[in-house]
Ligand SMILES: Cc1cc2nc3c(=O)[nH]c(=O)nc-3n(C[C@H](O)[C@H](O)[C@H](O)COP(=O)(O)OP(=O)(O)OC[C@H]3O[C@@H](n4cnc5c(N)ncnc54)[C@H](O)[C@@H]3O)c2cc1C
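Only one chain is included here, represented as structure tokens and corresponding to the form predicted on its own.
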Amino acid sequence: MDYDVIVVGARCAGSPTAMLFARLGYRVLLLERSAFPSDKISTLYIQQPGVARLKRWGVLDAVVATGCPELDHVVYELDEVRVEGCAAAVDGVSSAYAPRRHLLDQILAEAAVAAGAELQERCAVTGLLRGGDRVTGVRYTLPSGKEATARAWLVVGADGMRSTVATLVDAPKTVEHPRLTCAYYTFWHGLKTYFELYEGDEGWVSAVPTNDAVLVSAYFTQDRFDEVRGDAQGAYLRSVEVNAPALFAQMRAGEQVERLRGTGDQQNFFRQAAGPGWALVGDAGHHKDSITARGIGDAFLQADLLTGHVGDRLGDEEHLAQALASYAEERDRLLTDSYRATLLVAQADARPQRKALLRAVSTSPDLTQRYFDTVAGVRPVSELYTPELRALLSPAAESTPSR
């Protein structure tokens, strides 16, 4: 084999995976279709468990050094109901962060290279090498346009929701639900906000302070996508004005500093996570609506899970097969609750249940803390539903998971 591991995609899932495998002493090739620094569509927000992983990996200091502000206060407002708080600390980390992706992704890629991974940019995978039913490597194009091949014991697809690796291995979607929202966002100067989410008659609006500006996003129901994209800027501004008027007032006095970006392709699925000689991490294997801002943290989690299960016995075929199966099982187990909760947050017709939940949560400091812990992934959904909360909820709302 030319390498022990080939990782396709060098962003929030791929670079940590390559870094962790390299730290185990493996020869790692990391292929990236674009070049750094470069941006991509993202909510940017990293909850406390994800930040704790950055700290554990030794890269949090580099993220903080970019000037990214600490986010230690969260506001969620639905009509007249408002809850405020912050998730509990994880391994001493009490703040979330929302670094710009052109900064974060480069930091992660540099950490992978520092660990010993070989990074090749502007390289697009075009095919897989096989030995029988087992994946044994990749075929890819170099920046010059020439084709190259590389062989490895394990090929990891970390190449996003429309993963080339997932397509080439024909990884089926084991769980899938319809798209629920479309989203548009841009950056503003002159705003002072916490991490804020507002829900109103025309959808959802979020504000996230980042390195040099505040990211303001508007979410619409999926059935409005054609209407919204016909006048995206107008629909975006109207949504903020209706759903978050105080934030809109700040925007009127502020300055939009980048073009509006958006997507109507927010898929909800789990794909088969692994097979003979291959595995998927990040959005390649599991994607959900970005409204709950769990994508980056979930990518970090999967990088940890895969490398932890494989460990230092990659060359043992029997062990590798079992490790990949265990990784797939644990990935689904750990991410299913947040997937279901995200579907409910993004369903417009579940708004009465969300409002009842928020109203009940707001009556108790303990419930408020549990709520924000659940939102961030610090504790499972089951730990939110105490006897106290169940007594406060109406029968219709009692079985509704949190954000």
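Note that this is a predicted model, so its numbers are computed, not measured. Residue indices: 1-based, along the sequence shown.
The next section is about a form of this same protein that is not shown, the form predicted in complex with the named molecule.
For E199, no non-hydrogen atom is located within 4.5 Å of the named molecule in the model of the complex, even though that partner is not displayed. The shortest heavy atom separation between A96 and the named molecule in the model of the complex exceeds 4.5 Å. Looking at A274, you'd find every heavy atom of it more than 4.5 angstroms from the named molecule in the model of the complex.
Within this chain, R294 lines the site of the named molecule in the model of the complex, having a heavy atom no more than 4.5 Å away. Here the chain stands alone, but in the model of the complex its contact with the named molecule, taken as any heavy atom within 4.5 Å, falls in 33-41 among 54-62, 337-345, 33-41, 365-373.
Listed residues G254, G160, G137, P209 were compared with the named molecule in the model of the complex; G160 is the one with a heavy atom within 4.5 Å.
Of the residues L180, A235, L320, V125, just one reaches the named molecule in the model of the complex with a heavy atom at 4.5 Å or closer; this is V125. Contact residues in stretch 246-267 (any heavy atom within 4.5 Å of the named molecule, taken in the model of the complex) are T263, Q266.
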